[in-house]
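Just the one chain here, the form predicted on its own, laid out as structure tokens.
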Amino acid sequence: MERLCIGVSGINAVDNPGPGIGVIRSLKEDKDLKIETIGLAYDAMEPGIYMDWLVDKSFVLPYPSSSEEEYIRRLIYLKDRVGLDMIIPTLDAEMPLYIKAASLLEAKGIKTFLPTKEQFDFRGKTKLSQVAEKIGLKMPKTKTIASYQDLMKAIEEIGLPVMVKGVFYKAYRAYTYQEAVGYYRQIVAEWGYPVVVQEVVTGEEMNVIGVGDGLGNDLGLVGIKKLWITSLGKIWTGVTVKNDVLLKAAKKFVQKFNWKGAFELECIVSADDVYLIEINPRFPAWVYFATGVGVNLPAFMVKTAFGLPLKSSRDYSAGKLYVRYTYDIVTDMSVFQNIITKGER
């Protein structure tokens, strides 16, 4: 087959890592694909820019919150410059822009594999209880608020501690009224309304990663249990699990909503109860864990997008251990200077 040029964002492999390096590593390890990887960065200090054994070329993009026209113009420049065949966005802030521009990008010869706007919206925190009910999972008590008075009322009804969440991003655990008010103000200042207040449920943190084909079929699913997380809530050590309730819920999610693209279900498992906490509409930072146990979801996504065959078996074994680690790179200052001056490597 011809060499494919795939752009991947989220190459900020720092203490709060994006999923991009895991996606790129997965693509590089599929023996059936010939991939040239393009790192899509937002800052010259993103470590993925300097990982030239994985990331073949890197380009800096304008922030998604800037001009939409400028952003799309930059992507079309990349198409002309390096022959960009497909983009895999991996950051929450990018998703609305890419979903909106999917048809335009497709017309320019740049494929995406994303949910529709309707799919993206219904998995938001304010509608999550409806999704949980349809896929057979429970939900913690949840209130959507738009004022200080609503916050006080929600805390009284739910009881402390509570989770205070932005509708799309950020979540904090508050043990006191003062903490809740502080987090509430912080989220409103950064992300606006509404804000979500949610009951804290205890148990084991289990997640499922998968990809839907948009026709009700999944391209593979992998369930994990978090063993050790960072202060920012990112998994550092985990183990694969086969929780029937969790995996069946993920299958139902894909089937009932015809989900297209990557997703992650974040859940808390307490005895026989499984609580749905969040649905991320993208690959998580631990995406390479699935690849490492034989379910290469980024490669399956690319193959499906280009009509290439998938292997029939996409199963995995329970009890496989995942350990994240840090790594040091020493390179020449000229790489940094080139990114600063030209926006590309």
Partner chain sequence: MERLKQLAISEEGFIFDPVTGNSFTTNGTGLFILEALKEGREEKEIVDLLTEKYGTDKENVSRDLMDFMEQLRSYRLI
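None of the values given here were measured: they were computed from a predicted structure. Numbering follows the first chain given and starts at 1.
Only in words, not in the display: the form predicted together with the partner chain, which the text now covers.
Segments offered: 140-148, 212-220, 269-277, 85-93. Contacting the partner chain in the model of the complex at heavy atom distances within 4.5 Å is 269-277. The partner chain in the model of the complex is approached by Lys225, whose closest heavy atom lies within 4.5 angstroms of it. The shortest heavy atom separation between Thr240 and the partner chain in the model of the complex is within 4.5 Å. The partner chain in the model of the complex comes within 4.5 Å of a heavy atom belonging to Ala318. The partner chain is not drawn, but in the model of the complex it has a heavy atom within 4.5 Å of Glu204.
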